[in-house]
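To begin, one chain is listed below as structure tokens, in the form predicted alone.
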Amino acid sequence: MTGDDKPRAQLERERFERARSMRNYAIAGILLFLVALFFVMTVVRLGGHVAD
């Protein structure tokens, strides 16, 4: 392994970790959106019948 290989490998690893982090944020955002959507759908479907 030469001195040039290590910075390149480290750069590729950082790029991979950054891409994985962005995917994680995207998945978390989608899940949060779905939870909010199901909550709103439930509230709208129940409507005023919650107190009955």
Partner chain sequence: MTALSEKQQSLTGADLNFASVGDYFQLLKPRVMSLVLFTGVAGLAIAPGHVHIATAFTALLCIAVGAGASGALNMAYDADIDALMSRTKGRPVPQGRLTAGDATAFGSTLAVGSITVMGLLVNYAAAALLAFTIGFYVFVYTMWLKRRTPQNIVIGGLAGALPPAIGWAAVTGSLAVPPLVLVAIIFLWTPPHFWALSLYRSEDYARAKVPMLPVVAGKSETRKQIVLYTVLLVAAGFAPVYLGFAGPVYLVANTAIGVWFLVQAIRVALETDAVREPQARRLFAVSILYLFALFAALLVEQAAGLSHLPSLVIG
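Positions refer to the first chain, counted from 1. Since we're looking at a predicted model, the values are computed, not measured.
Below, we turn to the form predicted in complex with its partner chain, even though it does not appear here.
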Q. Is residue 8 a contact residue for its partner chain in the predicted bound form, using a 4.5 Å heavy atom cut-off?
A. yes
Q | residue 32: touches its partner chain in the predicted bound form, heavy atom cutoff 4.5 angstroms | A | no
Q.
Please determine whether residue 28 contacts its partner chain in the predicted bound form, using a 4.5 Å cut-off between heavy atoms.
A. no
(Q) At 4.5 Å, heavy atom to heavy atom, what parts of 8-31 sit next to its partner chain in the predicted bound form? List them in sequence order, or say none. (A) 8, 9, 12, 13, 15, 16, 19, 20, 22, 23, 26
